[in-house]
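First, one chain by itself: the form predicted on its own, in structure tokens.
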Amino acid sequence: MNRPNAYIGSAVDRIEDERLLTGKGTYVGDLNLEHLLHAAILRSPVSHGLIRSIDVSAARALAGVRAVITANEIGDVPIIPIRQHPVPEGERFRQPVIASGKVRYVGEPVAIVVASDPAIAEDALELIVLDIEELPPLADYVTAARNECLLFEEAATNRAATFRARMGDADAAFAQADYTRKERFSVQRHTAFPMETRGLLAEWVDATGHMTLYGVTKVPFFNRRVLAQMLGIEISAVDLIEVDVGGGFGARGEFYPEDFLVPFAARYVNGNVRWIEDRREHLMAMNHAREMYAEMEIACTKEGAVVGIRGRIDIDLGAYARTNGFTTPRNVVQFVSGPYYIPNLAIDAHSFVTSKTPTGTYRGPGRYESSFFCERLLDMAATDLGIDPAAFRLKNLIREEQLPRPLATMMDLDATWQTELDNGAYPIVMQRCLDEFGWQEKIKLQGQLIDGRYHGVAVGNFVEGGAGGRSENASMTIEDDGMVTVAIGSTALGQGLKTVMSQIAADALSLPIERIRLLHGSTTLLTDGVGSFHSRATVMGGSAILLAAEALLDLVRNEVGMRLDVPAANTSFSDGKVEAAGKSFALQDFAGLSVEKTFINTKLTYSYGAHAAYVAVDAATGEVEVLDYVTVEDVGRVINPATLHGQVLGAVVQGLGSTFLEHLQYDENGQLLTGSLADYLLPTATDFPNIRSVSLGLRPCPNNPLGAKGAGEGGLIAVGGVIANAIASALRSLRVQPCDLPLSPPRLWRLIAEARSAEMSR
């Protein structure tokens, strides 16, 4: 078969951009069905308490209110299942779709109001009288660990789950090591921040008993199954429709309480109901992430070979174990070693429920945190041993002949939790980063005071897992107009999905890209599918497209063979033409031929790379300027270098925001203090202007037909550790060791002041 196209590897402009940039996008707020009603949700103002009563009579009497729904109206309140990495002990901590008898965090849904106007629905919330007997809040994991007050009395503990990762014999390695060092670290609670808050529109047709839910993303097929089961109707009676989404980043698109409450309300009132959260709701109700506290220890030879890492990580899970709440605790223990050859590991992570919003995944879940812990330890060890930090890392990076290499074993869990790094040229990529960064020149500035600011540089490495979820579906249909409609189970989260998938399909079919009509993410398109998470869409969805394309072309070959009585193998394809035995057909001559295929893969992909940072620190104010930031990453086969470049730059900025700015803070009563953009700080385009990125395709992945690796998160993973190390290097004369994120100016100023005070007292 001729394959003249070369869309894969080309910087094709994003197909979706013209529609979005000209205001033709369709978001949940743009949908307007007939007789549309509006929902608002009453959320608990108390972090922990028993519900004595809910008086909704005044709210129900308000003109324009169609219904006020509490747990009483729902009856048997459904419990949300765990989608990723379920563990038996965690089942006791799953979240009900609405508070029943007890509230466990500020923001937990207590009632939902449906009205003819959104303002009326909001007014009705003010009329509901909620009587809650307050119980002691579990404001942090330390309080929770004492088990003096329980969020779930029947569980008899606030420890939701423990994850243990092991490799080799860590205790023996430490006993024999020339050098050891123990430190404490922490990563603050923060969250994903899509431009568009969550929104849903539920359409219930009573005559047919059919539910359509608009506004879903990420995992629509899983959510469809869950919703159908909760509503007690057949899966075929539920459709989930993806519309445009203002970003996802791991948090948006999971099954939340509202994903049941809004459809239930639509069926309850026999109508169409829309709900869109405001920004405060978003900050208090959507998954939080990251908050954890670690005590870690490193062991090395005197020559600088790392022989072991061991430690304990305590994780603030929030009030419930949500659909993907155990993914981060699992990742953080298994990925502490990152791309380094560390033969002995022993890491335990304990997840505790507290009186805070539940947590879930956020870009690079567990990997951002584990990279911070590991990279800080590596720099400390290199400094203590008198070894250049870059040379120290090059010495300990996994060599190509050592791959594939298993990561640490997850103890007490089945084989599906185990994984191995696939392939890679880690030292080559790190050296490329050092060269791009100009390490040999910039290292001369280490710790120098120049124009009133201390200068420092650092380098670090990472691995990024991708292609989870084991399967994805794609279908192809030849249309009468010569177009080929391609449908995939992957969903669009702003990552340029339509462009990349169209490139893959066009090359696979030897068609101009303009003849690909790409559909995605809705349950009406395919018999089954998975979605977009874990940097999987390109690898899994793209590989499913390859299978579907080959199957479709086989159908065409067979049809040609029957028409011309020639062997099917003699058929060729090029630019929308089908040729055999001297005859030529247009592709539309085979209109109606259609296939659906499933790509199954049990092995993850691992992109990898290096980051380098150059900072200047004002010791008088604690302000840090990022003067230069360089990333180099090998992603296997590059499908679209332009969209990849945008993904990496965006991820770096998110990582810098996570490292310097973003912080969800609570008081001692479990009240969220940072519930608006006046308090929750986000990076802007002018905050971090000097970012450079190089994406390579050195080692195609051996585990999928595309040779691609997931590449949506690598720009973020190493940022926290690299920036903290650069700051520590800048301030080495002051003996400042930043071990807690975020590195905001006030926190850094206090560290500098404490270091100076300690120096004066010596």
Partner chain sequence: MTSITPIINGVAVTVEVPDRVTLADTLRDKLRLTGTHVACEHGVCGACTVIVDGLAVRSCLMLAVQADGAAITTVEGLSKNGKLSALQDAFRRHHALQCGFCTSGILTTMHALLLEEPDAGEHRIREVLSGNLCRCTGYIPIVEAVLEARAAYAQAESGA
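Just so it is clear, the structure is predicted and the values come from calculations on it, not from any experiment. Numbering follows the first chain given and starts at 1.
One more form of this protein, predicted together with the partner chain, exists but is not displayed; see below.
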*Taking heavy atoms only, is residue 627 within 4.5 angstroms of the partner chain in the model of the complex?*
no
*Does the 4.5 Å heavy atom contact test between residue 543 and the partner chain in the model of the complex come out positive?*
no
_So, residue 29 and the partner chain: in the model of the complex, are they within 4.5 Å at any heavy atom pair?_
yes
*Any chance residue 278 has a heavy atom within 4.5 Å of the partner chain in the model of the complex?*
yes
_Which of 328-336, 309-317, 217-225, 184-192 lines the interface with the partner chain in the model of the complex (heavy atom within 4.5 Å)_ = 184-192
*Is the partner chain close enough to 362, 686 and 691 in the model of the complex that each of the three has a heavy atom within 4.5 Å of it?*
yes
_The unique member of 440, 584, 524, 676 whose heavy atoms fall within 4.5 Å of the partner chain in the model of the complex_ = 676
*Partner-contacting position among 235, 642, 445, 519 - heavy atom within 4.5 Å of the partner chain in the model of the complex*: 642
_Residues in 637-654 with any heavy atom within 4.5 Å of the partner chain in the model of the complex_ = 640, 642, 643, 646, 647, 649, 650, 653, 654
